[in-house]
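Next up: a single chain in structure tokens, the form predicted alone.
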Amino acid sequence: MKWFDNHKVLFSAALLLFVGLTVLVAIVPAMNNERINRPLPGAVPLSAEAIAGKSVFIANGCVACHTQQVRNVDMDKMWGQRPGIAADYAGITRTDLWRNTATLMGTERTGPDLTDVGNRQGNQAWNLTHFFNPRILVKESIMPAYPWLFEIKKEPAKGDVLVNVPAEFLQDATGKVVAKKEALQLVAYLQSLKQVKLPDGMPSPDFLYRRKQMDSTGAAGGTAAADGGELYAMHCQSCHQPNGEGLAGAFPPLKGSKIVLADSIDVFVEIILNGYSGRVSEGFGPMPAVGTNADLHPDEIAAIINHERSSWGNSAKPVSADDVKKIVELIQLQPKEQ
């Protein structure tokens, strides 16, 4: 074939083949995916602060250890109320003209999945303390500390966001720990990560490979009793600590708490279900709606309550799942404040 001897024809043919394949294999399918997959109605676009925080997230290598994908397997139920779908990522755009890094789904789950971390742990004070040194809150954590996102000031300026750090973690430094703008942006990004509820009538994908539970005789198919200690470790321990003593100036203690030990558990159930912000003026951060966000059932809430009422020297009478269920039903019937 003579056109092999003409480099202009040869390179033009190769270029035409490359462009044609790119259009057919990459561009057309991408446009089709964009057409059929739209963001869910309740999805909120990232704020400018959160977009900057996403860049901080990438720059500090967080994506190496944290995923943002709830798989359709039962073991992922703790990271979201449903498996992820394409629409969850449809509103994510390119970082800029030259860089894609749009979705940060990740490939390794060394640390917790962050798909719904804005609901699960959206407390700014907790996140900032955790970034400064994760061992302050989770003694066994293998996550690295990020002290360069903070500075020590002897005289903090008005408007500075102070971080509660125990003296033993300051390495003889004197002054107050202040969050830099990068730390605040990173928190803003994490607070924006919330799994959006599906529209009414839209079927939710199932979690597969559910583990069989055993009844008291060891036969499959029974309903295992909720483990209060395990549920506490999963949902409460990172703030209130394994010893129930919380963190001074940041998270209140449950050990000796009047609410925990009270004869009436109405307020206790309300706090677990819908969160609490009544002690913000005392320096304590607002508690997220753990029960609602994690879709805890009355028997699970009762198990957490009984664990807290019988641990760390606490001694109060146990409660039943039926007691909790009645209170939950009353709370859910109350009109929501607008």
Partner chain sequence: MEPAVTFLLPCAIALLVMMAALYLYKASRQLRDAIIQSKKPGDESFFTKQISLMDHRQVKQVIQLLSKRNGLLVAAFCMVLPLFSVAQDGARQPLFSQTGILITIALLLIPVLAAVALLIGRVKKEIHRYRTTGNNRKAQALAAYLQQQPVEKIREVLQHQQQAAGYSLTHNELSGAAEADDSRGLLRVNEEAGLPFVALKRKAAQRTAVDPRMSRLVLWYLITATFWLLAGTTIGEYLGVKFVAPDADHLSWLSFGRLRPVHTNAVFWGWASLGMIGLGYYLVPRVGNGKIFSFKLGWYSLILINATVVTGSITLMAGINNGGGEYREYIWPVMLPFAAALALTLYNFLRTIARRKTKEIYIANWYIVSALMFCLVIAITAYWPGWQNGLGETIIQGYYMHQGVGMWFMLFTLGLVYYYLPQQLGKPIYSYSLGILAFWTQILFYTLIGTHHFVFSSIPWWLQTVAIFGSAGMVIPVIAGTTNFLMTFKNGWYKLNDSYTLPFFLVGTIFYFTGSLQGTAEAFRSTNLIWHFTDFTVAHSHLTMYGIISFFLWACIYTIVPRFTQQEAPQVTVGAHFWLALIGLLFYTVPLMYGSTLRGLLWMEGKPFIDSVVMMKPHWLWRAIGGSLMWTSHLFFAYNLYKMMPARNVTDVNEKLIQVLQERLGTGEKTSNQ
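Residue numbers count along the first chain shown, from 1. All values reported here derive from a predicted model rather than from experimental measurement.
Keep in mind that the form predicted in complex with its partner chain is not shown, yet the notes after this line are about it.
Its partner chain in the model of the complex is not approached by residue 332, whose heavy atoms all lie more than 4.5 angstroms from it. Residue contact with its partner chain in the model of the complex: residue 34 places a heavy atom within 4.5 Å of it.
Contact check for residue 204: every heavy atom lies farther than 4.5 Å from its partner chain in the model of the complex. Taking the partner from elsewhere, residue 293 is found to have every heavy atom lying beyond 4.5 Å of its partner chain in the model of the complex. With the partner removed from view, the residue among 86, 173, 225, 259 that has a non-hydrogen atom within 4.5 Å of its partner chain in the model of the complex turns out to be 86.
None of 266, 245, 230, 160 but one reaches within 4.5 angstroms of its partner chain in the model of the complex through a heavy atom, and that residue is 230. Checking 271-279, 285-293, 303-311, 63-71 against its partner chain in the model of the complex, the stretch whose residues place heavy atoms within 4.5 Å of it is 63-71. Taking the partner from elsewhere, every residue among 11, 58 and 94 has a non-hydrogen atom within 4.5 angstroms of its partner chain in the model of the complex. Taking its partner chain as positioned in the model of the complex, the residues of 25-49 that bring a heavy atom within 4.5 Å of it are, in sequence order, 25, 26, 27, 29, 30, 31, 33, 34.
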